[in-house]
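Next up: a single chain in structure tokens, the form predicted on its own.
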């Protein structure tokens, strides 16, 4: 039996400086614990063949499929503001690229598949806990409609990895529109390799932004296109209470997808300054800082592209600044439009932005749960009776009552009936998110008891985040005080 991957690789056609060829390191006794069958079909793969002993060996890196051209990609990056000129895939190996059912080119990458020339003394392996976290959160983000890398499979390797203690090893098969990052451009720019920057930019245009190829200034248009996708992406993060946790430039995808789920988390009660990541001691990547950091990262990209924007340095800087100047408006437009939908507004009027901000301020002051406040508000639109469920989320319910009176007055000025508004609000306000305590419970059961039933159940619930699921209503609840997860960890 041979498992066929219809690889059509383009990244390996770039110069050798872009990557290192490296084979995955074989593991002892791989066991498939999860296969994303719908995604496999979307990629043109046979899920029944992948769900076999040979499939497990491929997905663990023990066997390399025919047509694969395994590489570790080179990139640099600013990590918490400090530039590191060489990072690269230290524990991930790109097997190759396939064209999916929609005609989109997708990378298939093994994460945790052994050391590479970029491992920097690391073992190149991944522990089971971080693999499960990325699988759960990335698939939840996809179900929420947020651009993201996907998880095709998770495999236990049959070997332990050493962290503070021995932990079960695992490999995640990750799928992305590409794994090209801001840090990839920085890798060549830091070496003064303008031709490398140009080759990379041309590759990105051909792969992700073909519409800009015919522009008079294609590289400025590329910068603007990446900027627009990043602005929209971060707005979507904020609208569901997501905190990436480690928005380094090497974790900033050029394609506009969410990538590298490390110490990520979803907020429970609303707090703009919320930080979960154990390594973000200064709050650089706090929830409300994410738009600012996205622009900071994009500014680093613009610096890399300067030689391509104009021959004259001052003119190139003006081009870059003009492009970057559009970020704030693009983000604000996407974010405010999303907030207005979350409170059920179909039109925009003066005072709407203040109305939404007043709700957020009241939520912060009263430690109201972010997800449940908006979800229950969707039901409150049907009548005053629904207010009871929202009020219970506020430490001082009067803080909600005053706002709700203004909100009802504002919605009364639109022609939509309550049922239509209710349906619209429920379509953008999820009932279910991967709450941190639920994710930790999944990891604990798997790591300590080899029990994957909680993992499977959580995935099933999160696959339909906007639907009521009475049998799993408890998954919508915020944690009890003793269940709260105060820190999340990178897992490397």
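Positions refer to the first chain, counted from 1. Quantities reported herein were computed from a predicted structural model and do not represent experimental measurements.
The same protein has a further form, the form predicted together with a small molecule, not shown here; the description that follows concerns it.
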| item | value |
| --- | --- |
| 4.5 Å heavy atom contact, residue 168 to the small molecule in the model of the complex | no |
| is_contact(residue 123, the small molecule) in the model of the complex, heavy atom dist at most 4.5 Å | yes |
| Contact test in the model of the complex: residue 90 vs the small molecule, heavy atoms, 4.5 Å | yes |
| Distance check, residue 75 to the small molecule in the model of the complex, heavy atom within 4.5 Å | yes |
| Which of 231-239, 390-398, 364-372, 246-254 lines the interface with the small molecule in the model of the complex (heavy atom within 4.5 Å) | 246-254 |
| Candidate spot 79, 119 and 163, all three touching the small molecule in the model of the complex (heavy atom, 4.5 Å) | yes |
